[in-house]
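Read the single chain below, which is given as structure tokens and is the form predicted on its own.
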Amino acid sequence: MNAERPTGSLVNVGLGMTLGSHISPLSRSHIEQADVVFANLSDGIVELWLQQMNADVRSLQPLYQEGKSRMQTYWQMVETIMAEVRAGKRVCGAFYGHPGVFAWAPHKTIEMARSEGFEAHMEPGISAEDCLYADLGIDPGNFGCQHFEASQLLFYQRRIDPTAYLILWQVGLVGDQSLTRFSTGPAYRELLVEVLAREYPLTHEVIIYRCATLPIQQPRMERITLGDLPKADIGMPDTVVVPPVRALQPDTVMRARLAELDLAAANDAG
């Protein structure tokens, strides 16, 4: 006889980036029907907005503390959410943007819930990446885009393609190995610029981008030179966009082989 499936459930939803504008009808429905909603949001206004949809909204923000490892905080989030799932409740996690982008806890809670036999899934949301394409007028299909968490360029040997857009996330935290800080200073960004200068001149224009989180706000789209990046005012929500510095180089050998295939296909059709 099969054991009964546990009654608790979990869905992690994305609220999008701009308050009230980006949430999908399905995500809203999950919030409204949940027994408890856990919110990982740094803006009290957004939490008040959530409380209009559900009477039991609990903030995860108090788990963050200066000097405390973010990984410890993330594990506490997981255990806090899972405690209510295990208690048999319909649980909804509400997160900025897309709940699976730069968000460790939503992925881990779903993994853990499923491993314990609970129903669990994720509903996507409009992410900062989506807003970036719209605000800056970038089509990733034109030249391609590389996305890196900025510290990866310092911690690992990554290959940068200077013919594509380079999107660097969490530049305000670049180089933090402790996972306890909420910002690092100009000296850390100097090291980032040192890595980028292998492919780009210091005079190359980059864009500091921050999407609007309230309808009355405008996105930040500040253009500076790469050499000025260390002294720029960059916070946790800011992203740095490095446009291509070189043109795409044709692969003449592969194009010739493609032409042969086209010719053979035309002959077969004839």
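Sequential numbering from 1, following the sequence displayed. Since the model is a prediction, treat every value here as computed from it, not as a measurement.
One more form of this protein exists, namely the form predicted together with a small molecule; it is left out here, but the text below deals with it.
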Close approach of R210 to the small molecule in the predicted bound form, 4.5 Å, heavy atom: yes
Contact of M236 with the small molecule in the predicted bound form (heavy atom, 4.5 Å): yes
Non-hydrogen atom contact V101 with the small molecule in the predicted bound form at 4.5 angstroms: yes
The small molecule contact in the predicted bound form: M17, any heavy atom under 4.5 Å: yes
Heavy atom contact within 4.5 Å of the small molecule in the predicted bound form, the stretch among 110 to 118, 78 to 86, 184 to 192, 167 to 175: 167 to 175
